[in-house]
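Just one chain is shown here, as structure tokens, and it is the form predicted on its own.
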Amino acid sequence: MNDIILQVENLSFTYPNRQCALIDINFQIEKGKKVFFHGANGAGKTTLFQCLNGLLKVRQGVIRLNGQIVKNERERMQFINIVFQNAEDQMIAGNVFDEVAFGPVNRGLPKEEVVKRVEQVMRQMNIEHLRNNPPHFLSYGEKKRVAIASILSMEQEMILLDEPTAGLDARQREELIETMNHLVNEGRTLLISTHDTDFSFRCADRVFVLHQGQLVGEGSAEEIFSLADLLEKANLAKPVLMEVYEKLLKYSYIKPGGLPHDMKEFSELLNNNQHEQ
């Protein structure tokens, strides 16, 4: 049986202005998976992540981590951390090295362990050359990578990424995907909030869809993005590769086969069909 790392039961959240942001949310997450959350602006994705992380106090519903109810927000922060969409919101140190080291230092880790972790994640995120730079003067993409590195240095079991590809160029996006794959291979669990359906179609182990504070869809990427009514309701675009694949099938340019999730798989599909003709 697969390990369940996170269970959310009957979670609702209403802001002080009486705006109801989440309504009776129920789901569970397997350990070591990349799980994507979709929804239009205002659907509740960020509120959900802040409830999970402990930035917002949950008064209605239950959050279980590894089977145990965790009511205390500070305890959840020790287990789950978040990389915000606007990375500058989490920048507090005078240089990149100190920014990445902030979490481990605050946890009282020995200096040698802190340096080891910081050096490792800076290499992983390709920001070694920025170590002495003030974070606030970096480019948007560089700030994003520094923010991710600062979370990775704390070695938490679960990481929440809010629009992680925003502001990244094509190369940085590939580096992010490699990093995500590396993290899940290490046993970490990633929850990703995004508008980018191409990104989730390529990477997701599981997809959830939120609409007006309610969970309205759950399944594999292929299942979710095949539901035209759900995509329209949640204002989501069908992934480009899925659109192209369906068009090629419709006009008999290719034979039915495995649905490609990236350009490598798509090229292999075209080559296989060409050889069969």
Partner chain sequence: MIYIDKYAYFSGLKEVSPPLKILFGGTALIACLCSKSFLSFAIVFLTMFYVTVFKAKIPLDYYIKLLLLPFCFLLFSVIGVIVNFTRSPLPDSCVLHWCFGNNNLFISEKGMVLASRLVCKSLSAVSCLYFIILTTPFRDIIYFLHVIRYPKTLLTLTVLIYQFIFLLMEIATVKMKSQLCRGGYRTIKGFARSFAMLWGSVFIQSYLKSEWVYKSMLARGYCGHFQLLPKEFRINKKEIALLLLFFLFVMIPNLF
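Positions refer to the first chain, counted from 1. Please read these numbers as outputs of a predicted model, since none were measured by experiment.
The form predicted together with the partner chain exists for this protein as well; it is not shown, and the discussion that follows is about that form.
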query	finding
Answer option from Val114, Met180, Ile127, Ile151, heavy atom within 4.5 Å of the partner chain in the predicted complex	Ile151
One residue of Met158, Ala93, Val184, Leu176 in contact with the partner chain, assessed in the predicted complex (non-hydrogen atom, 4.5 angstroms)	Ala93
Proximity to the partner chain in the predicted complex (heavy atom, within 4.5 Å), stretch among 192 to 200, 136 to 144, 163 to 171, 118 to 126	136 to 144
Partner contact for Ala237 in the predicted complex: the partner chain, 4.5 angstroms, heavy atom	no
Contact of Asn132 with the partner chain in the predicted complex (heavy atom, 4.5 Å)	no
The partner chain contact in the predicted complex: Pro256, any heavy atom under 4.5 Å	no
Contact test in the predicted complex: Gln212 vs the partner chain, heavy atoms, 4.5 Å	no
Heavy atom distance at most 4.5 Å to the partner chain in the predicted complex, all of Asp205, Glu222 and Ser267	no
Residues of 71 to 109 having any heavy atom within 4.5 Å of the partner chain in the predicted complex, listed in sequence order	Arg74, Met77, Gln78, Asn81, Phe84, Glu88, Asp89, Gln90, Met91, Ile92, Ala93, Glu99, Phe102, Gly103, Val105, Asn106
